[in-house]
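Listed next as structure tokens is one chain, alone, in the form predicted on its own.
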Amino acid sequence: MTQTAAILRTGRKFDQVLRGAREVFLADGFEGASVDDIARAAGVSKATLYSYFPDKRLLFTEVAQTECKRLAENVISMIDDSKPAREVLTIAATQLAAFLVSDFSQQVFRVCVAERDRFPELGMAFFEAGPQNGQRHMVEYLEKAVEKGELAIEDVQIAAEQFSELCKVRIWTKAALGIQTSFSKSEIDEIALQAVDMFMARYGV
């Protein structure tokens, strides 16, 4: 799948296909999304769509990976290593909490769980592009903060994972179970603030 996706990432209409697929997957879910609807939303022919992605699962995987990478790049662009650790972590926590309960993230999560047995590579692809990739960037930042004497952490890997989990408190389970499907900015900000407060209470200097 990796080799195929690498080859298919060429062509001027590739981004159109991804945008159209994202729109349809969000509206109709994985099972409900038809190739005809995706091609129509992307403004391409079915032949063009199949030339990039012969399998709808490959397309969904690519959309999920692209969205996760976009989030990571967005957070990285907002982070200034020269700022105090609390400020940097608050930005990261706010962005992560919002993403975790976003329609897209929840849609991908539900598909990963539903297709776990038939399509295990989707879960792995999402994990690598999402949680694992985010934690890798967090580890890199935490190592710098430790070197600067802002944080005292013996195991930065587990600290990075703890940080991610703190950003899920109260909101993620409600979103995953469909108890609450939208969250206000104030709710997200509160979760982020509490996450950073607890993290700093444990690791702050």
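Source: prediction; values computed, not measured. Throughout, we count residues from 1 along the sequence that is shown. Here, rigid core means the biggest group of C-alpha atoms that superpose within 1.5 Å across both forms.
The same protein has a further form, the form predicted in complex with the DNA, not shown here; the description that follows concerns it.
Asker: Counting only non-hydrogen atoms, choose the one of 66-74, 53-61, 155-163, 136-144 that falls within 4.5 Å of the DNA in the predicted bound form.
Answerer: Partner-contacting stretch among the options: 53-61.
Asker: May I ask you to check whether Ala47 falls inside a 4.5 Å heavy atom distance of the DNA in the predicted bound form?
Answerer: Ala47: contacts the DNA in the predicted bound form.
Asker: Can you check whether Gln180 is within 4.5 Å of the DNA in the predicted bound form, heavy atom basis?
Answerer: No, Gln180 is distant from the partner.
Asker: With heavy atoms only and a cut-off of 4.5 Å, decide whether Ala33 touches the DNA in the predicted bound form.
Answerer: Ala33: yes, in contact with the DNA in the predicted bound form.
Asker: Using a 4.5 angstroms cut-off on non-hydrogen atoms, would Lys13 count as touching the DNA in the predicted bound form?
Answerer: Looking in the predicted bound form, residue contacts with the DNA include Lys13, since a heavy atom lies within 4.5 Å.
Asker: Any CA movement of 2 Å or more for Val24 between the shown form and the other one, core superposed?
Answerer: After core superposition, the C-alpha of Val24 moves 2 Å or more between the shown form and the other one.
Asker: Under a superposition restricted to the rigid core, does Val44 display a Cα displacement of 2 angstroms or more between the shown form and the other one?
Answerer: Yes, because once the rigid core is superposed, the C-alpha of Val44 moves 2 Å or more between the shown form and the other one.
Asker: Is His137 among the residues whose Cα moves by 2 Å or more between the shown form and the other one after superposition of the rigid core?
Answerer: Superposed on the core, His137 moves its C-alpha less than 2 Å between the shown form and the other one.
Asker: Comparing against this form, do Arg118 and Glu31 have their CA atoms pulled together or pushed apart in the predicted bound form? The difference is 3 Å or more.
Answerer: Pair moves closer in the predicted bound form.
Asker: Explain in one word, closer or farther, how the Cα atoms of Ser102 and Glu31 are placed in the predicted bound form relative to this form, where the distance changes by 3 Å or more.
Answerer: Farther is correct, given that in the predicted bound form the C-alpha spacing of Ser102 to Glu31 is increased by at least 3 Å.
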